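A single chain comes next, written as structure tokens; it is the form predicted on its own.
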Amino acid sequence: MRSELTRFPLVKALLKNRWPQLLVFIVMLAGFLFAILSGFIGTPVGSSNFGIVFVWIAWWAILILVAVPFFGRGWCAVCPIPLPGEWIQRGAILEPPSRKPRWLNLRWPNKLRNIWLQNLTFTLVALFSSVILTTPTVTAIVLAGMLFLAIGMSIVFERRTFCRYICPVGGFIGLYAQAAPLELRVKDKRVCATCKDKPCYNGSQVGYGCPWDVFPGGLTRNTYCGLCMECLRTCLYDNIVVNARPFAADLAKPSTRLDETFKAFIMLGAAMIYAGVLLGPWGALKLAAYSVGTTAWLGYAAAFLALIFGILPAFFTLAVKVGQRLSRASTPQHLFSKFATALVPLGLMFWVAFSLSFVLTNAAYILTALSDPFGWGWNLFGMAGIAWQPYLNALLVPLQTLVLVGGLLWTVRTAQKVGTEVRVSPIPVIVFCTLATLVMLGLLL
């Protein structure tokens, strides 16, 4: 059951007005640039550097524990990375752009209009994450690189090409946004079909065309809608709404796209590896992950890639085939990808459980980094001398267990629905997910 949030005048006015969003954009951009600056000129000690602490602890906590599970693509609505490039591309900040493109405005190649490149960029970041998450200069280089790449792509290509096809963060947000209880949709698709100019997609004198290259009239999932609200502002017929809905509503329509399927395996495997490297007691594994370029790191990288692109998909394929054999069913189309939909809630809860431990263990650094962002001995807010301590230590294990068990039950229900649709037993897939959950429990607990 869905409830329209934009039926409330105040909510609708806030979403249609560009000023609140712009103010948030400016704050986010200032914080983003400050994180880059602190990475370059601040202390090399990661736990005392604003860039490390606020990107990989504070922002990560907000993203994984709040933004993605409850607001889906909500972070994309205020992300500062595409902002400078978009301003340059439009030649405007608040005013609608001129109808004539100012730059090359090329269309992204059809063969690359998928998330395979996002899968690749996330995998690359994940392979080097142990260094990125702990070395301020490397974090600054990565953030600055993303900013300048987004600017360059805005000059060459139309709309938010970087966000849609390249951004390593955007891919996993889009995957897990399907589980969020928030959506942007149209009231009546017949109105969209008869609309001649389609300003929601093409833009008009009152607003921009969809930066995400999405036609709202065809939206059925959250995966590629960035919640920028431009279509809400430009629709001539008041046909765009923002709804509250049940969790995981999009998963009722299983994806059949292989690029999205492998994103689910990448995210599932990466969560398990992060838990082992960043939270586990295995010194040799940690050393291998940090020793970029060495033989040990090459072995670590090979194992990482083998897990996400080989081992997990292979065992999952086996589970699907066993289920098919048990059901004596013919081979339904896209069976592998449809069942992989069950990995969306499982992977999301893996990341929540991992992040609870990572964030609560390191949250004390936030207060000290606020008072001394560069590690130069400042004490702006009187909190620089606060000693490190983990928070909610007694509740951490019960919380993680609850999250993982809840995620497994959610996954079981999703697999059962897929199995009913394709008439194939979901039991082997459920066994696969149960074993993966037990491994994750062992890594975390």
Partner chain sequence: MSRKQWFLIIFAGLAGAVIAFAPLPVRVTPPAQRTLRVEANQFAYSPAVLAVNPGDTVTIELVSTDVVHGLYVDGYGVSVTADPGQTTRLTFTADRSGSFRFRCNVTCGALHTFMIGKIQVGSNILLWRALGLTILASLVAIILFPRPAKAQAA
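Just so we're clear, the structure is a prediction, and the values are computed from it rather than from any experiment. Positions refer to the first chain, counted from 1.
Below, we refer to the form predicted together with its partner chain, which is not included among the displayed structures.
key: Output flag, 130, 281 and 401 jointly within 4.5 Å of its partner chain in the model of the complex, heavy atom basis   = Yes: each residue has a heavy atom within 4.5 Å of the partner.
key: Distance check, residue 315 to its partner chain in the model of the complex, heavy atom within 4.5 Å   = Close contact is absent here: in the model of the complex, residue 315 is far from its partner chain, nothing within 4.5 Å, heavy atoms only.
query = Could you tell me if residue 393 has a non-hydrogen atom within 4.5 Å of its partner chain in the model of the complex?
reply = Answer yes; at least one heavy atom of residue 393 falls within 4.5 Å of its partner chain in the model of the complex.
ask   = Would residue 287 show up as a contact with its partner chain in the model of the complex if we use heavy atoms at 4.5 Å?
value = Result yes; residue 287 sits at the interface with its partner chain in the model of the complex.
Its partner chain contact at residue 434 in the model of the complex, heavy atom, 4.5 Å = Heavy-atom contact with its partner chain at 4.5 Å: present for residue 434.
key: Partner-facing stretch of 70-78, 238-246, 294-302, 357-365, counted where any non-hydrogen atom is within 4.5 angstroms of its partner chain in the model of the complex   = Comparing against its partner chain in the model of the complex, the contact stretch is 357-365.
request  = May I ask you to choose, among 134, 324, 337, 123, the residue with a heavy atom within 4.5 Å of its partner chain in the model of the complex?
outcome  = The residue in contact is 134.
ask   = Considering only 35-68, what residues come within 4.5 Å of its partner chain in the model of the complex, judged by heavy atoms?
value = Residues within 4.5 Å: 45, 47.
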